[in-house]
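Have a look below at one chain only, the form predicted alone, in structure tokens format.
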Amino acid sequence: MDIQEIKQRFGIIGNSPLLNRAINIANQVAPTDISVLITGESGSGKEVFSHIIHQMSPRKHGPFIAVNCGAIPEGTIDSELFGHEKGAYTGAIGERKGYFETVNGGTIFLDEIAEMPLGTQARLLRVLESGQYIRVGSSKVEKTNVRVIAATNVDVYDAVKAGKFREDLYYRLNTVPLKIPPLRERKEDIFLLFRKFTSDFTDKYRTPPIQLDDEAQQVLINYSWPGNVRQLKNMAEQLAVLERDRVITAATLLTYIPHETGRSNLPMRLDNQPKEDFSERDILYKVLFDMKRDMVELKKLVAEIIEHGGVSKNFQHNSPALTQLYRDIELPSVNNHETQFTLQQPVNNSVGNNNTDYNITHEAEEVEESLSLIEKESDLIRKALKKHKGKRKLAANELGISERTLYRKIKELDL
């Protein structure tokens, strides 16, 4: 059967080279019994290709079942696929046949295969390699003769590298990869599909035909269609039912396109920078550690002053807050831990040079710093409340926490 006959039989619309290639691969692999992995974005029509492979194969008279692996809870997927014995788990009041038993001799389509739990993946691998499986709660080995077609809308190899998908199962399923092109790569097919969908829906709902003006056609073709054929079909149905003016303009069409993606295929700025996601406690810790760092840097600065009588050019520090401070300090002499600071004052030309020397004599004394998080937290909250005159909402915003959290902290710390 050639490509055009397959399109007519399965209702496929389009003449894109990428689409024709996918149909050709499905037609070639169908008579064999090897596993097929269909990849493509959501809504691109992966299940249609699973029907093509089944109907064009020697198993076409056998049963066919499509299973969405992402829709079955992890605790019951083994039972769904392989069956279970009576009493195998709580609620198993009788034995149950699984899909691999009921579809024996036919084809099973496992959609969203990347969502399958790792334990179930191991069981599936055994079925693919030997045709054997064991019911949940049983020790008896069962046999099955089922062809497996899998599909996913994610990059399975990335899931393998992330440890979320078994590598051996990936290579076993990926005997023949079949990629379904997204709608944005089939621009020549978009208007054909839209015209077919609107014709079907206007006949179904007995409404007048829908037409697009030239600008609306350009919007339709240049839109990226993240939901692919499914999204296009849904929009065609909405237009057929809701619009009284049957000549659709670009402005009208844009109202049916999601705002965040409605600006067609204009270039987007991708922000690949990692985003920090701090909790309230993390924010407090960060503030406290920054304060501690500044205190350590200040101690280093004081030690440098005491030891060398000033700040050397090679003095290294990590606190920008100290940069201006130590630049304005000059120490002509240091005797017995008594330090004289001279702060350079700006020159006022109208009065003349009026440099003022401030002589501050003190004895260097090392003070043990409190590292109590509770004390630091209490101090920060008090300062924030004082700054905003007791207004808790403003204080909470200043601290980067919620107002409810601030209430709780005030109560806990008895402030």
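From a predicted model like this one, the values you see are computed outputs, not experimental measurements. A residue's number is simply how far along the shown sequence it sits, counting from 1.
What follows is about the form predicted in complex with a small molecule, which we do not show.
Exactly one listed residue, out of Phe197, Tyr223, Phe82, Phe165, brings a non-hydrogen atom to within 4.5 Å of the small molecule in the model of the complex: Phe197.
Out of the listed residues Asp294, Glu237, Asp111, Glu243, Asp111 is the one that sits within 4.5 Å of the small molecule in the model of the complex by at least one heavy atom. Using a 4.5 angstroms threshold between heavy atoms, Arg186 counts as touching the small molecule in the model of the complex.
Using a 4.5 angstroms threshold between heavy atoms, Lys46 counts as touching the small molecule in the model of the complex.
For Ser42, a non-hydrogen atom is located within 4.5 Å of the small molecule in the model of the complex, even though that partner is not displayed. Although the partner is absent here, Ile25 is not a contact residue: none of its heavy atoms lies within 4.5 angstroms of the small molecule in the model of the complex. For the small molecule in the model of the complex, the listed stretch (98-106, 207-215, 225-233, 124-132) containing residues with heavy atoms inside 4.5 Å is 225-233.
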